[in-house]
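Presented as structure tokens, the chain that follows is alone, the form predicted on its own.
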Amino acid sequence: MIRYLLKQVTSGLITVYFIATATFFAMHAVPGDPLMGGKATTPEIRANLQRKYGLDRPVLEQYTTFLSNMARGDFGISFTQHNRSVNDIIREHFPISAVLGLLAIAVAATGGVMLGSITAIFRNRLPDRAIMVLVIFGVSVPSFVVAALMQLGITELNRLTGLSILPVGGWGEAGHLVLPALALGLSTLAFLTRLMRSSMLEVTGADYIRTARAKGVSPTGIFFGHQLRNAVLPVITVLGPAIAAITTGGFVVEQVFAIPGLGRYFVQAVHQLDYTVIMGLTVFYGAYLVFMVILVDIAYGLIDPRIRVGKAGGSR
């Protein structure tokens, strides 16, 4: 198992290296000039800025410096925000995106497992069909459209009742989390529901389920002791990338609900061609995704003993 984990960590580091390399050269190939945002008003000022950010050096030297700084956890200084480092941006705003993302994934995972199980139990009956209609809606409609519809609905509800049932924007109170978490987690909830339904239907006809029934195990015992535990494994497999995607991917939803998360700064950096912020946040997102995938691999082995046995056998 230790050998397997070391292999996964090594593969993860190589992946992050390729992400950093691809991002660096892609940013330097993009047309435009990050110093043309109104700061370089004279050739002297422009030369000073190029010297400050290292843009006057050869590209390969810049690349070596970038990798060296990245290895120390230093992503540099923002081009557009006065003397503010990328590390400070991540440290101050990623926790906000993480809280929102983890709440959204909790809603998505819990709802997906529960609704997927219900659809499998009531296959081709009214509960199954009603839930699948909602699933199609969740898969088809983008999260920012769902966010706007939620804002419109809550605004109208607040107006009709004369109460402030839920806030439609802002940050700082528990109520501010409800609508963004639902909007951000809906598509993942829909995907996990479909995955859980297929997995539940697949394990229902398995030999060990028939054996349990023949032994007289109660339907509840079969469901929780055999069906659910085995059917949830594919869901756990995709949770790592799903957690990373939701936690770092709610850019538009954060904009709609005026949430001061990390997504706002990534969008601004793309508009302003802020090299250091774009490269730093991209590498950070990539490393976070790799970490979550490794974490899910560990959880997968803990839940399914067959995985641990297989890995132990392969490491001899």
Partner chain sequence: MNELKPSDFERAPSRQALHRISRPSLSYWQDAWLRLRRNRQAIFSLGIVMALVFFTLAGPWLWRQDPSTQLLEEASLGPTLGRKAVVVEELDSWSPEFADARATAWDRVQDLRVIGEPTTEGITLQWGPVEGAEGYAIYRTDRKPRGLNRLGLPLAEVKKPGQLSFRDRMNVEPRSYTYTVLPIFKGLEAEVYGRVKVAPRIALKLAAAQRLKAGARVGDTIVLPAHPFGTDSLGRDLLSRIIAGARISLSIGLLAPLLYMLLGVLIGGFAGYSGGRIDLAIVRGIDLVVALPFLLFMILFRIAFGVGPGESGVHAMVVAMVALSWPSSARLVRGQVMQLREAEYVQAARLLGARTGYLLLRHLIPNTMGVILVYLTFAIPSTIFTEAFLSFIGMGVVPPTPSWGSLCNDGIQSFLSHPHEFIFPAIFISVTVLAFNLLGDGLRDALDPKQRGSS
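Note that the coordinates shown come from a computational prediction; the quantities given were computed from them, not determined experimentally. Residue numbers count along the first chain shown, from 1.
If you look for the form predicted together with its partner chain, you will not find it shown, but the lines that follow are about it.
Note on the interface: of 229-237, 206-214, 99-107, 148-156, the segment with non-hydrogen atoms within 4.5 angstroms of its partner chain in the predicted complex is 148-156. Arg51 falls outside the set of residues with a heavy atom inside 4.5 Å of its partner chain in the predicted complex. The shortest heavy atom separation between Val30 and its partner chain in the predicted complex is within 4.5 Å. Although the partner is absent here, Phe291 is not a contact residue: none of its heavy atoms lies within 4.5 angstroms of its partner chain in the predicted complex.
Although the partner is absent from this view, Tyr63 stays clear of its partner chain in the predicted complex, with no non-hydrogen atom inside 4.5 angstroms. Out of the listed residues Arg194, His176, His93, Arg84, Arg194 is the one that sits within 4.5 Å of its partner chain in the predicted complex by at least one heavy atom. Of the residues given (Gly170, Pro142, Pro241, Gly225), Pro142 alone sits with a heavy atom within 4.5 Å of its partner chain in the predicted complex.
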